[in-house]
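First comes one chain, alone, set out as structure tokens in the form predicted on its own.
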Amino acid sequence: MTESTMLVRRPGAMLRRRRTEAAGWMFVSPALLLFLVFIAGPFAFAIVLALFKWDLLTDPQFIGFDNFAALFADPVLPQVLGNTFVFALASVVTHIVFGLLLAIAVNRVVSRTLNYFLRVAIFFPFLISWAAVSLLWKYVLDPTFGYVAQYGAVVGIDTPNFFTDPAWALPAIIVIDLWHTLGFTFIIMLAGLQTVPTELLEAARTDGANAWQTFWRVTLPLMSPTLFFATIITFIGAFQIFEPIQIITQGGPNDATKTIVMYLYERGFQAFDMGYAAAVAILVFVIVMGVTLLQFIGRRKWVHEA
């Protein structure tokens, strides 16, 4: 007897099944609506917009794939993409390393009060708005009256002008981003660290493993899913960096800090070339999706799956 036959003979079961399905759709409908309005809808609009030349003042003009062809001839795009990849790579490495080290250090603090204080202190910068953080660091690194220049002069170090020197501007933005967002990575690492079974750590110590061997052979493999998640989240977040660059350097000097999202903003809302900006947005989507897909493909080689 098939399931459909049973349901025909049992109308009560069919009614309960439909009520369950309706309840399921009711619960997922808010998230589905938000996805359609804020993600799927704008993405579909960007694809259509990239086929037009539009300055927001005159009627859109259909030009086919000319905006996508223009991406390959854009002389600014290689440097912008290079800056973005350097920033993203540096962000992933520094966030994972320092976030993990801080999580290990805080996890070993026995005092509960001190442990909670350190968690709040490390996470607190993440709660500050990017505007306040940018202005704070612009003051701290000012070559005339900033704290770094003043303390450097005391010990005889001539500090550079971080935001006008092309060699220092992007590293300065990387440090500012690390200070502001490291707390988020730290919390993820700390949560992952606390999921490692203490029985396995004690068994490793009983077998004679030292601290490094215990970390390398037990803790790190069990934390690999957390590291994988943090790597993806950090890379995607780094590719969207915009506020501190816009407030501090406006992409300068000589485009040394201009990233792909900032270039998208310039072409769309300063040059009013909305079609080309939409093509840049789709390029960003393709790059982020491509790198994320490669990370998922490569996870089998280093992520421990229970």
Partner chain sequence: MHKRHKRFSRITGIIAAVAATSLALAGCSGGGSSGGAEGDPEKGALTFVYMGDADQQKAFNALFAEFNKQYPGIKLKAQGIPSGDWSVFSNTVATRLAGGQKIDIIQVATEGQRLFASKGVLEPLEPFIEQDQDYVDDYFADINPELVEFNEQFASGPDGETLFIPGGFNTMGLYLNKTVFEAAGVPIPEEGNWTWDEFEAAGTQIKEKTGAYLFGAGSGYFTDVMPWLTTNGASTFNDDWSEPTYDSPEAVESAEFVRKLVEEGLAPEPGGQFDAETQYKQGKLASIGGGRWPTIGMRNIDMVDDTVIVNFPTKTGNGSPVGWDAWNIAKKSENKQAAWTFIKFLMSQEAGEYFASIGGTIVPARTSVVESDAFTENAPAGSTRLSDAMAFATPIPSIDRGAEAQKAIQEAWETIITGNGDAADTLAKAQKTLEGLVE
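Numbering follows the first chain given and starts at 1. Predicted model only: the values in this text are computed from it and were never measured.
The form predicted together with the partner chain is left out here; the points below concern that form.
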Note to self: Can you work out whether residue 138 and the partner chain are in contact in the model of the complex, taking contact to mean some heavy atom pair no more than 4.5 Å apart?
What the structure shows: yes
- Could you confirm whether residue 82 comes within 4.5 Å of the partner chain in the model of the complex, counting heavy atoms only? no
Does residue 237 make contact with the partner chain in the model of the complex, using a 4.5 Å heavy atom cut-off? no
(message) Within 4.5 Å, heavy atoms only: does residue 164 come near the partner chain in the model of the complex?
(response) yes
Answer key: of 34, 40, 26, 271, within 4.5 Å of the partner chain in the model of the complex (heavy atoms) is 271
Testing 66-74, 26-34, 253-261, 275-283 against the partner chain in the model of the complex with a 4.5 Å heavy atom criterion leaves exactly one stretch, namely 253-261
Contacts from 40-67 to the partner chain in the model of the complex (any heavy atom within 4.5 Å), listed N to C, are 45, 48, 49, 51, 52, 54, 55, 56, 57, 58, 59, 60, 62, 65
